[in-house]
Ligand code: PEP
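A single chain comes next, written as structure tokens; it is the form predicted on its own.
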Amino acid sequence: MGKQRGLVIAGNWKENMTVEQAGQWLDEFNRLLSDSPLAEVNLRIVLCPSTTALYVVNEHIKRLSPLKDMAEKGLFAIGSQKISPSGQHNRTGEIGPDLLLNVGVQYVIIGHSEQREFMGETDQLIAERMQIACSHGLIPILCVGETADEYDAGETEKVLTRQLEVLRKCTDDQRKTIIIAYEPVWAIGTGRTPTPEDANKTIRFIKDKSSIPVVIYGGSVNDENAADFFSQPDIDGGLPGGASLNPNTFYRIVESASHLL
């Protein structure tokens, strides 16, 4: 019997893909879907391009089938990698929720470890971004996870408990739509990953602490290990980064998820 709760696969392109490359990626991914249709029940695909490609990706999807058909059914959607924490249009370098909605964005990545580490993003700022996203009908993909030092010190649950505090002001209705991505920082781009069983145990902890029903795994997810992670009882999908840049690799990740439904 397949997973009844469904799966979410969100590809994070980070700061990659020119407008032209994004169009080529979509053309190839659409061809793969056309040649071998995936199971459409309980599988959501979210693509998170760089900000400069959001508009083009949205327009391109409208001209492609089956991608257009999947998008209309809510099975394929666009996500942003950032959102302004103020909603006041007064922060240089940020992008407001109305601008995101205008180009078809439905999801937004918040609290990614790279933003926390390299941009100094605090829990308070993340909480503000969460509130802005939720209040405008955007679905947050909240990233949480511990560093290598925290993991080695046995502080994973302590760190996650602190990071999940940003959900404190979220309503019960908002919690039903929010997605959490558990991405152990020590596993991102390092080739070092937890076992699927260990990742599942941590995600079970996150669900118990947060009351969020959908928690996906990020951290060196690829087409070779995706099925092992997705087959775990509490892992609801994945957030591949580098593996999402190749449409063929990303397709194989999505395909491995469809086989579990």
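Heads up: residue numbers just count along the shown sequence, starting at 1. On a predicted model such as this, the values are computed, not experimentally measured, just so you know.
What follows is about the form predicted in complex with phosphoenolpyruvate (PEP), which we do not show.
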Residue 188 within 4.5 Å of phosphoenolpyruvate (PEP) in the predicted complex, heavy atoms: yes
Contact flag, residue 239 vs phosphoenolpyruvate (PEP) in the predicted complex, heavy atom cut 4.5 Å: yes
4.5 Å heavy atom contact, residue 220 and phosphoenolpyruvate (PEP) in the predicted complex: yes
Residue contact check: residue 112 to phosphoenolpyruvate (PEP) in the predicted complex, 4.5 Å heavy atom: yes
Segment assignment from 47 to 55, 205 to 213, 188 to 196, 65 to 73: heavy atom within 4.5 Å of phosphoenolpyruvate (PEP) in the predicted complex: 188 to 196
Those residues of 11 to 29 which, in the predicted complex, come within 4.5 Å of phosphoenolpyruvate (PEP) by heavy atom: 12, 14
